[in-house]
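Shown here is one chain on its own, the form predicted on its own, set out as structure tokens.
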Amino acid sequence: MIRGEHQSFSMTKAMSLGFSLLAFGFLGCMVGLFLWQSLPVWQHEGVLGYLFGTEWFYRADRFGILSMVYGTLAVSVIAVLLATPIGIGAALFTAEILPASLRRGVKLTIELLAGIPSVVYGLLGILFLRNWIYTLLEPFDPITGDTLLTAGILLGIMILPTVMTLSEDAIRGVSASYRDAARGLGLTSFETVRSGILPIAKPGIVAAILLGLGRALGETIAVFLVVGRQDNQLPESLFSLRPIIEPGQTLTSKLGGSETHLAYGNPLHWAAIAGLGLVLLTIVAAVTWLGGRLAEERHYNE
């Protein structure tokens, strides 16, 4: 019996290792392919010229992606700033206040929101959100309701289930002994959450935020439909917010647009597009890896 269990464990371990190596192999092939395909633009523009160039005019063979990196970071930061307080608040309410009979139903409902296709969110953004944003920004004389702000708010709604669900898991993962000890010391429910539960659940909550950020960084269709897709939109100064309320461009909206098809016949233009894929893959992989490490650290500490 013990020998059979040992063989089963060894087979499971071997299969897990094999599939893990296969996944890493695919990732390595993707990185290698993007790097090889993008070499001409790195040689043409230089690494700093490509990453920090402010102009993208493919007809003039000028490829600077800083405005797209700015747009990607802007919509992602807006999404995280919107989803974080609402998601953590909902997680605390679900984990600490709702009775057990209602908790599972509420959490299941919120998790179902994560399964809605992104194109549906994008269509809802076209139908409702961009009109509301245009009305809201009328005092600032907006060009349209398709803005970086619109894309950021829509992304915030999309990543909210991820932040809420994973934060709730982190909060529920705190041992009941901490709650009992806090009550024994005479702490109120609010003081128990603030001083006892949140500090312990913090790594898991931060991991939830980072994994939500990873999804926001990689989202394409919904952003494509409401961002406006205006190239070379950069703030005049570091603290200028004007580009936020104007049409912009992100790495994903550029990759999801028609220019990808136009670029295929021009080796340099195609290399610039492949470079966008490499930069996006690197950013998303780094954020996702960091979020995964924090989640592992929480489980290890438990």
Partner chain sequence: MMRHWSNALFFLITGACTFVGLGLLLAILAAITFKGLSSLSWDFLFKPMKEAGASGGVFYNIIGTVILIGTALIVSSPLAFALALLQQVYLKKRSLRRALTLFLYLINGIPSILFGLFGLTVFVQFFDWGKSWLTGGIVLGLMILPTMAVAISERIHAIPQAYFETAAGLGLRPAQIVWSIFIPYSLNGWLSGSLLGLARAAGETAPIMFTATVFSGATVPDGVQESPVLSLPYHIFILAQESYNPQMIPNLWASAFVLVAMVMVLSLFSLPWRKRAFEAKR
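Worth saying up front: this structure is predicted, and the values here are computed from it rather than measured. Rigid core (definition): largest C-alpha set, two forms, superposition within 1.5 Å. Numbering follows the first chain given and starts at 1.
Missing here is the form predicted together with its partner chain; even so, the following discussion is about that form.
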- its partner chain in the model of the complex has a heavy atom of only one listed residue within 4.5 Å, and of 115, 99, 184, 139 that residue is 115
- Work out which of the listed stretches, 55 to 63, 41 to 49, 239 to 247, 256 to 264, brings a heavy atom within 4.5 angstroms of its partner chain in the model of the complex. 256 to 264
- Message: On the criterion of a non-hydrogen atom at 4.5 angstroms or closer, are 73, 150 and 177 all touching its partner chain in the model of the complex?
- Response: no
- Message: Using a 4.5 angstroms cut-off on non-hydrogen atoms, would residue 109 count as touching its partner chain in the model of the complex?
- Response: yes
- Query: Using heavy atoms and a 4.5 Å limit, would one call residue 228 a contact residue for its partner chain in the model of the complex?
  - Reply: no
- Do residue 77 and its partner chain share at least one heavy atom pair within 4.5 Å in the model of the complex? no
- Check whether residue 129 has any heavy atom within 4.5 Å of a heavy atom of its partner chain in the model of the complex, and answer yes or no. no
- Note on the structure: Applying a 4.5 angstroms cut-off on non-hydrogen atoms, the residues of 82 to 110 near its partner chain in the model of the complex are 85, 86, 89, 90, 92, 93, 94, 97, 103, 104, 106, 107, 108, 109, 110
- Query: If you line up the core, does residue 16 shift 2 angstroms or more at its C-alpha between the shown form and the other one?
  - Reply: yes
